[in-house]
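Next up: just one chain, as structure tokens, the form predicted on its own.
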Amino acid sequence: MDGSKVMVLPEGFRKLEPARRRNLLHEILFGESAAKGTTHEDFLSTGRDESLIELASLMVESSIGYAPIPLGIAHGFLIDGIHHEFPMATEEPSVIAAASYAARIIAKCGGFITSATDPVMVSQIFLEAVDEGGIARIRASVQLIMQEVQPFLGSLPARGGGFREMAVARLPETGLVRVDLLVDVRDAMGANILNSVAEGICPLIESISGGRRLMCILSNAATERRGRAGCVIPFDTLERISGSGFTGAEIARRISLATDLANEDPSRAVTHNKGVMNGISALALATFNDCRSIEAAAHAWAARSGSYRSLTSWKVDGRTLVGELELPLSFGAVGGAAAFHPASRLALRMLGNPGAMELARMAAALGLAQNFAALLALVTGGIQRGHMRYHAPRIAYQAGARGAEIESIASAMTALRNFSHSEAEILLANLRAGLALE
């Protein structure tokens, strides 16, 4: 602890108007200086725009403002013959740079080839006290269930979506019976529809089975709703871009071996897959998709064999390196927060207002690009020097540099390969004294 007081909010805080919540929070956090009329910069950063404060209060409980996350654009993606630029919301300095770097390389090799399955999600009902006869009756009633579920599907059937099939299984440890209702949700992420379907049809399934409801909710596993991307990179290209002294064949071998390592060692696979999700999560956040759902599904997919493994595949084929990524991607283009918030509408406009399946294909290409950039750095010169080069401006800012000083200090730290806060302070003092930055 740094000696500051632990924040304690008064009873009924959540019931106050947003402006009153903010004022009260400011008083609690900053005490006497707030009482004197001083508004702290840290606090101002969460609420300069009144319209966004109002919007935040519509979106979350007990809102006190908004958290401005940097929004950037990854350049140069060639996907299925079409050029794309990707809005990405992330706090990590090197993520967008790495994605753009990989995209430019892969574009010169023909770009990404992508595909996506239909946006089918699963609505689940869990029942207890169901005997084998009850399971048989549920399975025999699929036509009735399909008919009775229609009112809960809203406009999905008119848009080409709707109920697709049903599956029933008994879980071996708890003995619970799980009823899966597969629904094509089209361009939505689909959570509200899926939960309405499960809760709406549950009384009928209880009656048919003779069982009792434990819970009704969607599954975020999204195993039926996948995006895929692939690319092919010739050895000659790898050799030209690396500057590491390795041949293209050796770089390809090392990248392939690094993927084998992630498949063998879960402790490495976690970091490997985190790199994949650097891009996918940043795109999800920019478009206000459900990052937690997408990430949970990806990691569950990585462990589907019973061991946590790499999400990507990199293999040597002749004189080329072939990369592939396939994973669940429940991106939505309508509904939820997507296209509700002005920032998400802007991001979707940058992308050409794609549908959900297009978003999934884009996300898969972005994830594969992030993974390639990370592996290329790791198996050649190492990742830290490039990472710190993008981190240097942040250190310079923290040391007090402003405006043009930031780039000067960052460049000097990079040249010196010294990225400490103390070095930044020395360099800044020298710059302001008119001394050489050495």
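Computed from a predicted structure; not experimentally measured. Position 1 is the first residue in the sequence shown; the rest follow in order.
Omitted here: the form predicted together with ligand NAD. The next part is about that form.
Of the heavy atoms in residue 336, some are within 4.5 Å of ligand NAD in the predicted bound form.
For residue 358, no non-hydrogen atom is located within 4.5 Å of ligand NAD in the predicted bound form, even though that partner is not displayed. With a 4.5 Å cutoff on heavy atoms, residue 141 does not count as touching ligand NAD in the predicted bound form; it lies far away.
At least one heavy atom of residue 220 is located within 4.5 Å of ligand NAD in the predicted bound form.
Note that among 148 to 156, 303 to 311, 97 to 105, 199 to 207, the stretch whose heavy atoms approach ligand NAD to within 4.5 Å in the predicted bound form is 148 to 156. With the partner omitted from this view, the residue of 192, 237, 247, 117 that lies near ligand NAD in the predicted bound form is 192 [heavy atom within 4.5 Å]. Contacts between stretch 275 to 301 and ligand NAD, counted in the predicted bound form as any heavy atom lying within 4.5 Å, involve 290, 292, 293, listed in sequence order.
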